[in-house]
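Okay, so here's just one chain, in structure tokens, the form predicted alone.
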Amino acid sequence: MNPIDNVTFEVLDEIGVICLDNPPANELVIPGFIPVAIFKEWTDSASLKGLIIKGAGKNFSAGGNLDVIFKTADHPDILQSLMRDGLELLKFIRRLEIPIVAAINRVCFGAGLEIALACHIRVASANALLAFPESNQNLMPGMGGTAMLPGFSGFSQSAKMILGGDMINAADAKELGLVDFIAPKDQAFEYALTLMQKMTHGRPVKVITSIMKALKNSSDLSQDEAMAEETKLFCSLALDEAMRRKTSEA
């Protein structure tokens, strides 16, 4: 099955919406559920101001398809290639310089949670459940979960969550730092869309990407380097705005 058959993309008023469409649980057909080249094509637009990732129907995603994993496990090169494709996709998502919001309704497990953690902002419905249940199948997260989770919840809580394999609700996820906002039941996408519009409406794309780039620099560069780059970005935006005002006054 072609994985792209289970993912849709549309643009709503300059906001891209990627939908994991493999109901009822929206399991990923393969770890690289969207080829990076296709993802680049979808997001390579001068007018796109943000991106929301959601699941079709009631759930966000129950994670990867274990049948595929176990069937390819005796071919390590193939399995590692599949997992690398998924990891590269999540790395690409994290590097995008437009805001990306995960709209989490109900189930968000395993690779689904790894997708959510790769996004810049996470909105969970009040009835959402999050988990890394892989240890219950004698596995572990395979697309960056163990690397990303401690940055949100710390080492001890991450060990408890991943080794325990237990589900946590939206309120507990917010307390741990995994979730940024809680929406009413089954309303994560509507909340995420309103939030995205509030952040981006009426703002030039260059302003949005400059702010996102500066925020990323805070973790990728030293503080002095990040502050220097911020000043350069500010000056570039100031020049653009000065030219716009001159043109409008002429």
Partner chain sequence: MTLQWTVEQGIGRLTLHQPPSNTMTMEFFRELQALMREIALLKPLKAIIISGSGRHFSSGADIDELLVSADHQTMLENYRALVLLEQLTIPVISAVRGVCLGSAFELALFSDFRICAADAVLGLPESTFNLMPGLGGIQRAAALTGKAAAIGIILRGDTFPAEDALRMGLVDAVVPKRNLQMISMAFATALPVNFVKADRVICLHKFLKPLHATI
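Numbering follows the first chain given and starts at 1. Keep in mind it's a predicted model, so treat the numbers as computed, not measured.
What comes next is about the form predicted together with the partner chain, which is not displayed.
Problem - Heavy atom within 4.5 Å of the partner chain in the model of the complex - residue from Thr43, Ser210, Asn65, Gln187 - result: That would be Ser210.
Exercise for the section: Name the residue from Ile30, Leu195, Ile182, Ala56 that puts a heavy atom within 4.5 Å of the partner chain in the model of the complex. Expected result: Answer to the contact question: Leu195.
Handout entry: Interface membership of Val17, the partner chain in the model of the complex, 4.5 Å heavy atom rule
Key = Val17: no contact with the partner chain in the model of the complex.
Practice task
Classify Phe9 as contacting or not contacting the partner chain in the model of the complex by the rule of any non-hydrogen atom within 4.5 angstroms, answering yes or no.
Solution key: Because no heavy atom of Phe9 falls inside 4.5 Å of the partner chain in the model of the complex, the answer is no.
Practice task
Considering only heavy atoms, tell me if Pro204 and the partner chain come within 4.5 Å of each other in the model of the complex.
Solution key: Pro204: contacts the partner chain in the model of the complex.
Exercise for the section: Using the partner position in the model of the complex, report whether Asp21 sits within 4.5 Å of the partner chain, counting heavy atoms only. Expected result: The answer is no: Asp21 has no heavy atom within 4.5 Å of the partner chain.
Exercise for the section: Just give me the residues of 207-223, first to last, that have a heavy atom within 4.5 Å of the partner chain in the model of the complex. Expected result: Going through 207-223 in order - heavy atoms within 4.5 Å of the partner chain in the model of the complex - the hits are Val207, Ile208, Ser210, Ile211, Met212, Ala214, Leu215, Lys216, Asn217, Ser218, Ser219, Gln223.
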